[in-house]
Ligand code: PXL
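Form predicted on its own, single chain, as structure tokens, below.
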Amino acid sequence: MTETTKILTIQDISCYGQCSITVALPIISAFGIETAVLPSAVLSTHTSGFSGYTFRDLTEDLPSIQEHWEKEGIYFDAIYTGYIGSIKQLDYIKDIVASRLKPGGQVFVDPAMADYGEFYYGFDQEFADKMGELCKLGDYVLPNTTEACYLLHKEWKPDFSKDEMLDIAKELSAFTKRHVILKGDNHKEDELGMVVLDKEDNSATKIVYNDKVNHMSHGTGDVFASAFVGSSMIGKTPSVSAKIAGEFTKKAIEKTIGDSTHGYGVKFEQVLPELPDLIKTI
């Protein structure tokens, strides 16, 4: 019997609200991949649009979880990191990657720390610089334009041209020595693009487009990253994985439009039954 592919995702749990682990676990599992979780924190809700939420920091639990896994001989074919709450956690995660990743395993880093030209609450340039060190351990780095600019100490603007997007992706790949999937190419009126840069062959760099949906919602970056990780782990190329992930995210947004009570995420669960067809047709 073929050994099951196992992936570990490290990010927070928001008990209510569609983001982080509550998005990554079902989406990656839907690709037939055994998905383990390592929560960095537990929140009653996510932080966008809610007030008075509870927050339980699990930083000091990470080393003991790693130690137990070492005793049990537990390893992973891939590790995928999302929202990480502190610099100390980043240091612990680097140790976990070094200790628990199988030889030849893959690392996916979504440097979830900023958007629309600003850091998320609690983050700063010092954190971004430490996140850059984690990015250098990844095989794939999946930032939006704001995160990429903070990683590179560049000035952000809301309207990068196509050539500027390509240049940012090349700079980030040169900095990290990793594949880069840069989200947020919006120079086309009706399409949203992602720059997919192959670190081995910059001439193979592509911009992958999906139809643009004019609807803002929390958690779409987590949906995209999770679908990209799942697609990559079943053998799809980076550009095809980006296309699948973009289409999956677009469909999830479309399912959510018109529901005024659902402002805390997107209805990705309703798109999961369509995932096999997306995998076959894209």
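Just count from 1 along the sequence shown to find any residue number. Since the model is a prediction, treat every value here as computed from it, not as a measurement.
Keep in mind that the form predicted together with this ligand is not shown, yet the notes after this line are about it.
Proximity to this ligand in the predicted bound form, defined as a heavy atom within 4.5 Å, singles out one entry of Y209, Y75, F175, Y120, which is Y120.
A heavy atom within 4.5 Å of this ligand in the predicted bound form is found for one listed residue only; from G219, P238, G246, P39, this is G219. Under a 4.5 angstroms non-hydrogen atom cutoff, this ligand in the predicted bound form has C19 among its neighbouring residues.
Remark: Y92 does not count among the residues lining this ligand in the predicted bound form, judged by a heavy atom distance of 4.5 Å or less. In the predicted bound form, at least one heavy atom of L43 sits within 4.5 Å of a heavy atom of this ligand. Under a 4.5 angstroms non-hydrogen atom cutoff, this ligand in the predicted bound form has T47 among its neighbouring residues. The stretch from 60-68, 47-55, 24-32, 225-233 that comes within 4.5 Å of this ligand in the predicted bound form, counting heavy atoms only, is 47-55. Shown here without this ligand, the chain has no residue in 90-107 lying with a heavy atom within 4.5 Å of that partner in the predicted bound form.
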